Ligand code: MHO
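Shown here is one chain on its own, the form predicted on its own, set out as structure tokens.
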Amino acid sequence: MNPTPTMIREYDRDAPDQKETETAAFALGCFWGPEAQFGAMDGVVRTRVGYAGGTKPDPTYHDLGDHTEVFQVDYDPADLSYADLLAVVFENHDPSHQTRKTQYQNIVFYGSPNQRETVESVLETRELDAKTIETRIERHTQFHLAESYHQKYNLKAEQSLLDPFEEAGYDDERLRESPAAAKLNGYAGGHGLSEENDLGALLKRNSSASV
């Protein structure tokens, strides 16, 4: 048994609302993979993908200009810190290397002075210098949402996991902002969910029953 429409609705209802979460944004190449990876993490509530870091007004996937593919995460600071997110970011790319293609560059965005201080602290701990690494460290200003077909890309490739959202009447925006969709997109992308997570426990039971 996969998650039901009722379970999806209840999971989203019980998740922290946006007033209880903080937002972080990063660029680590094609945004499909990182959105799935971070969405599966305990403490990450919502995810979305888009374009940032450039100057072109209203970028699109086929007319990106000088923007980069970026993913945003809304996280619960009671369960996860910005430093925890940065640790995963730096474990998943080589800060001494930067691709020439702007679309897929590595960027750490900070959205507040506190986040900037945390970036500096994490770099110092890793014996890295923001002035010499290739990874771009930039203020996060405007974020342009990517087209709907890019949102929750891995989830949409697994019809059995997408079905309960369709049955529950989720439109593109509601699916994009769904905490349950963030988790199941991570699962569809090959990332395990903690058994402490209701959806993770269900999928674990289903996996064991099918063996």
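Worth saying up front: this structure is predicted, and the values here are computed from it rather than measured. Throughout, we count residues from 1 along the sequence that is shown.
One more form of this protein should be noted, the form predicted in complex with ligand MHO, which is absent from this view; the next part is about it.
Asker: Ligand MHO isn't shown here, but in the predicted complex which of Phe38, Phe165, Phe31, Phe26 has a heavy atom within 4.5 Å of it?
Answerer: Checking each option against ligand MHO in the predicted complex, the one that comes within 4.5 Å is Phe31.
Asker: Since the chain is shown here on its own, which stretch among 80 to 88, 102 to 110, 115 to 123, 129 to 137 would lie within 4.5 Å of ligand MHO in the predicted complex, judged by heavy atoms?
Answerer: Comparing against ligand MHO in the predicted complex, the contact stretch is 102 to 110.
Asker: Against ligand MHO in the predicted complex, would His150 count as a contact residue? Criterion: heavy atoms within 4.5 Å.
Answerer: Yes, His150 is a contact residue.
Asker: Give, in sequence order, every residue of 44 to 77 that has a heavy atom within 4.5 Å of ligand MHO in the predicted complex, or say none if there are no such residues.
Answerer: Contacting residues: Tyr61, Glu69.
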